[in-house]
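The chain below stands alone, shown as structure tokens; this is the form predicted alone.
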Amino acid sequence: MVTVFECEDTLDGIFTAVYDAWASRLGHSAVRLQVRGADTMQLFAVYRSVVADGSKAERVARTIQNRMGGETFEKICQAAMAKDADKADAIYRVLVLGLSRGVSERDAKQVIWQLQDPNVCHVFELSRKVGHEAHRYMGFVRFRELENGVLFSEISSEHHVLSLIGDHFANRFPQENFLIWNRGCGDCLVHRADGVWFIVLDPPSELGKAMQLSEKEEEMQRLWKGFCQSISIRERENRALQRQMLPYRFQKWMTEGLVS
């Protein structure tokens, strides 16, 4: 009988499930990891609820970094940020390949490149998708100045990318208070001026409605839209190329994307 370890959809949650599943000594083939809230339920399986534990997660993270290297750790962390029903179990299987007894340190660090293995390939692909989306949002995020001086932005990403773009915007606007609200994943990045940034996992649903733009911001948006319209040459419009460079799913949250 298979034992399914259900965990929360966070890096700490997944790493805690890895720790508990490994420590259970039930055998790797007799356990399965699943993010809580998944639609699929397995017949004739025992389900165990895993509570995220920072100390357990830290031990798993440290082991991965020491045994499998920083590159593998980065890819596993990015894969854990993906919206995918099978990511937790795929990560566990990759760790089994790299951390099992008898695997040399050199071989452990090369596991992430064994793309012929379906679990390694899955983790690698998830990491690539998350990293690619985070890179694009570094260029597509648009801030609006509110009446209280806070910079506010809305995005709707497919994956949990806020932790990957936080340092980028904190370095660009170190003296600004700003928020990036991710409607797609339901979390929010908050940065304090001259301070640190952190992520709120469950912000209030009416967050966007309470945001009033400053008069200066409204004027700047009007000027920016006018500029975009003035440089446009109707006879040379190439909608296919525009969609390639600026997909529709990004345009809704960009000032110039709203220009008709």
Partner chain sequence: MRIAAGQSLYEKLNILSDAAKYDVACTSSGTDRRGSGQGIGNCIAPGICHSFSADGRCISLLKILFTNECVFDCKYCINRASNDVERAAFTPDEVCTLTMEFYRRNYIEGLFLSSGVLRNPAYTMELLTATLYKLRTEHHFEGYIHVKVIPGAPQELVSRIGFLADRVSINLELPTAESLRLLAPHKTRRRILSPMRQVQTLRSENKQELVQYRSAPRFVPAGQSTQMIIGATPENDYQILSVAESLYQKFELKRVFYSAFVQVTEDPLLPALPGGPPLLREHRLYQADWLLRFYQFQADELLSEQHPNFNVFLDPKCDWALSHLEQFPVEVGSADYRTLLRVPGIGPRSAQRIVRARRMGRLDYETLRKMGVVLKRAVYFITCNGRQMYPLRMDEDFILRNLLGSGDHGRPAETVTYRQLSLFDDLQPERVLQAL
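Every value quoted in this text rests on a predicted model; they were computed, and no experiment measured them. Positions refer to the first chain, counted from 1.
One more form of this protein should be noted, the form predicted together with its partner chain, which is absent from this view; the next part is about it.
Considering its partner chain in the predicted bound form, the lone stretch of 217 to 225, 61 to 69, 28 to 36, 47 to 55 in range is 217 to 225 [heavy atom distance within 4.5 Å].
Among the residues Glu158, Asp167, Glu105, Glu147, the one placing a heavy atom within 4.5 Å of its partner chain in the predicted bound form is Asp167.
When contacts are judged by a 4.5 Å heavy atom cut-off, Gly184 does not count as touching its partner chain in the predicted bound form. Although the partner is absent here, Ala85 sits far enough away that none of its heavy atoms falls within 4.5 Å of its partner chain in the predicted bound form. Interface membership of Leu241, defined by any non-hydrogen atom within 4.5 Å of its partner chain in the predicted bound form, is confirmed. With a 4.5 Å cutoff on heavy atoms, Arg142 counts as touching its partner chain in the predicted bound form. Annotation for 227 to 246: interface residues with its partner chain in the predicted bound form are Phe227, Cys228, Ser230, Ile231, Ser232, Ile233, Glu235, Arg236, Glu237, Asn238, Arg239, Leu241, Gln242, Gln244, Met245, Leu246 [heavy atom within 4.5 Å].
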